[in-house]
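Same chain, two forms, each on its own as structure tokens: structure 1, then structure 2.
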Structure 1
């Protein structure tokens, strides 16, 4: 069985099917890119596997174990399974009133407190253990900020960051939770061409660190640069899937039409193919400088 196995995942709203019998197998360390028009079911898929929405049908297996079940999961079960997935939102979702370091540590603080409460420690032991863990997490966050050349920004607020810097902070915050599968929702949205190349480099560097990644994108350049697998969705249905070569040699009329429209949109927006775009390699976030 593959590292991530999804069988017949489905979701409807008000009688309208938005995701229909979605199935895919993803090996550890692979990157899956989902493409398709708005409303094709891409975001619904992300919400389902991150347990932000409840599925109507289907099963999810992770590392050989089923993490779904028939009927409804309890709130506690949903929260536990959601920790297997980390979602980097399109808008980054940084809290404007908190510094970079506070934003990074906030989710892990919540996770650590919850874990320690379940151990039913005394107040004194709780405090000692909590401080010990958070001291280690602070060092981990410092190391990650250093790798992305953002250590001098740890006391800055989100409105003092560029788009690329804010995105890297959001990625670090997600990595701190140690998810088994890392998900990106439109990671290159509204970024300039230089930052888009940096995003591709970042995603590939994360892959080299052993992360399994799912990317929802409307950028065919990004998908062709990073994907091991590509799935094209239309109206909740998988129309075509395969390696990144399907972007160069689509078999279905639907994907041919979609790619043609995407190319026309890029031309109309004044964008051309960038010869510098490549499958960038190197250390984690090695090219992530603004």
Structure 2
């Protein structure tokens, strides 16, 4: 069984199918790119695996265990399962009233508290242990911010960040929770071309660290630069899937239509050692752990 196995995931709203019998296998450390037009079901898929929407049918296996179960899940159960996945939202969704560092530490504080509560420590031990762990986490966050050249921004508020900076903060905030699968929803949609290449670089460096990643995008350049597997969706159905080569040699008419000639050319450039893309492949900045 692959690291992430999704079987026949389905969802419909008001009788209209938005995701139909979606199945995929992903090995640890691989990158899956979902491409397709708006309304093709890409974001629905991300919402389902992050437990933000309830599935109608289907199973999800992660690291050999089924993480979905039949029947109603409580919010807590749903959330516990959702924590296996980390989601970097399209609009980043940083909390505006907190600084960069506070944004990064808020969820980790909750996680640490929950973990320690399960240990049923005395109040004093709890405090000592909590402070010790948070000190380490603070150092870890500092380190990550340094690696993405944002250390001087740790006391800035989200409205003082550029789109690229906000995205890197959102990635760090998610990474700190150590999810098994990292998901990106349209990571390049709000960024200029230079920053788009930085995103590709970031995703590739995360892969180098062994992260399993799912990227939802309609940017062919990004998909061709990072994907190990590509799935093309249309109206909730998988039309074509395979390696990134399907972007160069699409078999279905739907994918051929989707990939305009111009986009195909961009992909070719990406595949022929375009210096910009190569730079994006890991030299701009790195999130690699020590």
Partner chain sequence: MSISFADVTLKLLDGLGTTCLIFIISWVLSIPLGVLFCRLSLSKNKIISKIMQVFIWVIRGTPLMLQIMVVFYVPGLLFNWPSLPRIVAAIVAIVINYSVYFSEIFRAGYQSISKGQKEAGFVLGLSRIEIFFKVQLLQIIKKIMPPMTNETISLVKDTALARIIAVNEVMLAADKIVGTYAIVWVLFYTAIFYLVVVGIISLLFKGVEKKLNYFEG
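Take the two forms, superpose them, and find the largest set of C-alpha atoms that agree within 1.5 Å; that set is the rigid core. Positions refer to the first chain, counted from 1. These figures come from a predicted structure and were not determined experimentally.
- Each of the two structures shows the same chain on its own, and it is structure 2 that derives from the form predicted together with its partner chain.
- Superposition of the core reveals a Cα shift of 2 Å or more for residue 116 between structure 1 and structure 2.
- Taking 2 Å as the criterion, residue 152 does not count as shifted between structure 1 and structure 2: its C-alpha moves by less than this amount when the rigid core is aligned.
- When the rigid core is held fixed, the Cα atom of residue 208 travels less than 2 angstroms between structure 1 and structure 2.
- CA movement of residue 128 between structure 1 and structure 2 equals 2.9 Å, with the two forms superposed on the rigid core.
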